[in-house]
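Just so you know, structure 1 and structure 2 below are the same protein chain in two forms, each on its own as structure tokens.
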Structure 1
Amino acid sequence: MIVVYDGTAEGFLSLVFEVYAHKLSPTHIFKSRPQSLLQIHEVRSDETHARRVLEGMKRTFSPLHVREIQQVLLCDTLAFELPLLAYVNLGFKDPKNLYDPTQESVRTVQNWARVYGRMVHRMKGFVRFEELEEGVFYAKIQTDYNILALLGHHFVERLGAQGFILHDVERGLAFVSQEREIYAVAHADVPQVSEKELTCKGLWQTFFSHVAIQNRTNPKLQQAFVPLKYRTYMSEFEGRYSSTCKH
């Protein structure tokens, strides 16, 4: 059976609800309707259903496993649906199953959760803020998975009273520190940075190029740690200050 849902976390939980309520057994799950004449079951997002499933999981599963499920739900560019559904089924049969790494769906979900966690950890370091004219700090991010909320809360703790905006460019979302809320971004202008910004960036680039030891230059290793896709908004990798440094 082919199932379609709207790709949101709420939608997926509604899907789980229907799987139990209507005894569905999906063979494919899509985030959008495929071009196909086959019979397709469409799941509608339903908040009550979603909540019931979430409550059920929180009652039955350990907090660790609930967190893993939440993290995988935020891996919005992965086709996580079938393994995650298998994982949830396994857990509702007996929550102890979720500790068993010899089960394939357990391994898969654990791996995704680990990859997600690693991405959050990396981005805690790789985000670059710029000071805007108004004194607010602003950073653009571009990530495979949706990690905006976790990053946002990390920076609230780190920056204290300093106001900041974290902008997920591709998803069109922004975390705003004061409200601790995520907003949809309809349209973003090129921001005006403060006067000081150029000096700070320059000092950072100078530091970055001088801290490397020439006899040990190893761009391959560098790239393993900072893959190219992370470098878009990291000023130290801009043009002339790219990975090799000249004196």
Structure 2
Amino acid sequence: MIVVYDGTAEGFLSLVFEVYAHKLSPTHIFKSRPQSLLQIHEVRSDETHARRVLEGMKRTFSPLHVREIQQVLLCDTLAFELPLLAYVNLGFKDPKNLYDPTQESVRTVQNWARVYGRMVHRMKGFVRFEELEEGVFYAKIQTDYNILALLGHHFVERLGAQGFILHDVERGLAFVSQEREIYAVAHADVPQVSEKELTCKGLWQTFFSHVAIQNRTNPKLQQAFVPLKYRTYMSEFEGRYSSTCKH
């Protein structure tokens, strides 16, 4: 059976509810309706159903396994649905199953959760804020998975009352710190940064270029610590030393 849902976490939990309520056996799960003549079961997001499934998981599973499920639900570029559904089924049969590495869905889901957690950890060090003329901090990110909420709450703790905007460019989402909310952003022009920011960025780029010992340059090692895919919005790599500094 082909099952279609809306691609949201609430939609997936509603899907789990219907699998149990209607004894469904999905063979394929899609985030959008495919071109197919086969029978398709469409799941609509239902807040009540999703909450019942989430509460059931919290009562039955360990906090670690609930967190892994929540992390995989944010791996929005993966086709995680069938392995995650199998993982949830295993847990509801017996929570001890989720500690069994011989189960394929256990290995798959827990590996995805580790990758997700590693990405969040790395991005905590790779985000580069710029100060706008209004005094608000602004940073763009580009990541494989949706980590905006976790990253945003991390910087709320780090920056305290300082207002900031964290902009996920690919997904068109922004975390606004003063309200701790995520907003959809259809389009955003590059904001005007302050003069102080331009000076600081220039100084930082100059330091970054001069602190290196040229005859000990090791690009492979550098890429191991800072992979290329994370450098797009890191100021030290921006324009490769096109510094505004007058030194």
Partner chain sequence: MGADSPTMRGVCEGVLYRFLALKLQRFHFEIKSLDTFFLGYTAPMAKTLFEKMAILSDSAKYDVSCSSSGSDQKGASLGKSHASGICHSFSADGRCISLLKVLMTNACIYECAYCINRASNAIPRAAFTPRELADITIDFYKRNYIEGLFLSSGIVKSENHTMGLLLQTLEILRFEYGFGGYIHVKLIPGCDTELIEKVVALASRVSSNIELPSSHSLALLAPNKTKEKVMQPLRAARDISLHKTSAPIPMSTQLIVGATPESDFDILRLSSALYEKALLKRVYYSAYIPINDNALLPSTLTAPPLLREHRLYQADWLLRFYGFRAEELVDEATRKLDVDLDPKTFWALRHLEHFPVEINTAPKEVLVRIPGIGVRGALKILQARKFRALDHAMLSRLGVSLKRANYFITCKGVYQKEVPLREDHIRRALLGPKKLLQPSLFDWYQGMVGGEV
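Everything numeric here is computed off the predicted structure, so don't read it as measured data. Think of the rigid core as the biggest set of C-alphas that the two forms share within 1.5 Å after superposition. The first residue in the sequence of structure 1 is number 1, and each one after it adds one.
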Quick check: structure 1 or structure 2 for the form predicted in complex with its partner chain? 1
Just checking, between structure 1 and structure 2 and with the core aligned, does residue 9 shift 2 Å or more at the CA? no
Displaced residue check between structure 1 and structure 2: residue 224, CA, 2 Å or over, core reference: yes
